[in-house]
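Shown next as structure tokens: one chain only, the form predicted on its own.
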């Protein structure tokens, strides 16, 4: 593990435990405090290479904090966090972040409205927002166009980003997150603000991605079970910074677990590979 010290004789620090090579994310007793407030506490969570996780919980549950930990953008206050085999706090996070694809509302707001769509995607290769003087080769442009095609927005490659609908922008943002061929893809509420048609188009594209064996490990944050795409395998439920339940999707998304998580009696229905929830 990059940056970890191997204690010698007389060292007060025990040797770090080896991290399973198949683990993309490994959190052990993780807590995060900011300004005296516990945002997460006692979180144990592991994501393997071929897993697709959805993280559910009410506002303030700690979902975005958890995602920022997994993205290497936040250090734990207590416990240990390993991402892609590297221990957060003891590794070069600048290098680590190049191996992680991330979509967030904060990043989306920084994307220039006047930028061509293909450039919005392609600039991820240099980890910049807005094309300037950096150079790209034909392979970069081909990959950007292929990713836009994969997300169903290939015909928009030469449009300006600001002319797209909300749903089209969300899919362009995911294409951008995939540009560097990441080992881990983190999606923070990608369907937020979409109408029904836009949501269903996005869910369908995410389902294709989830079922692609060559896709990276996926973690999707949402408030709504209706936004879980087919192909997702596991669920983590958060409330007040603590894990309420986690495990295989079908075992975890129960009425009891969601009732505890959202603090309201809920009924959960499954229709094929899709879920709905409503007040009991």
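Positions refer to the first chain, counted from 1. Note that the coordinates shown come from a computational prediction; the quantities given were computed from them, not determined experimentally.
One more form of this protein exists, namely the form predicted in complex with a small molecule; it is left out here, but the text below deals with it.
Taking the small molecule as it sits in the predicted complex, is residue 229 in contact with it (heavy atom to heavy atom, 4.5 Å or less)?
No.
Taking the small molecule as it sits in the predicted complex, is residue 60 near enough to touch it, meaning that at least one heavy atom pair lies within 4.5 angstroms?
Answer yes; at least one heavy atom of residue 60 falls within 4.5 Å of the small molecule in the predicted complex.
Going by a heavy atom distance of 4.5 Å, is residue 189 a contact of the small molecule in the predicted complex?
It does: once the small molecule is placed as it appears in the predicted complex, residue 189 has a heavy atom within 4.5 Å of it.
Would you classify residue 224 as touching the small molecule in the predicted complex, given a 4.5 Å non-hydrogen atom cut-off?
Output for residue 224 is no: heavy atoms all beyond 4.5 Å of the small molecule.
Go through 43, 237, 39, 70 and name the one with a heavy atom inside 4.5 Å of the small molecule in the predicted complex.
Exactly one listed residue reaches within 4.5 Å, namely 39.
Among the candidate stretches 61 to 69, 229 to 237, 44 to 52, 249 to 257, which one is within 4.5 Å of the small molecule in the predicted complex when only heavy atoms are counted?
Flagged stretch: 61 to 69.
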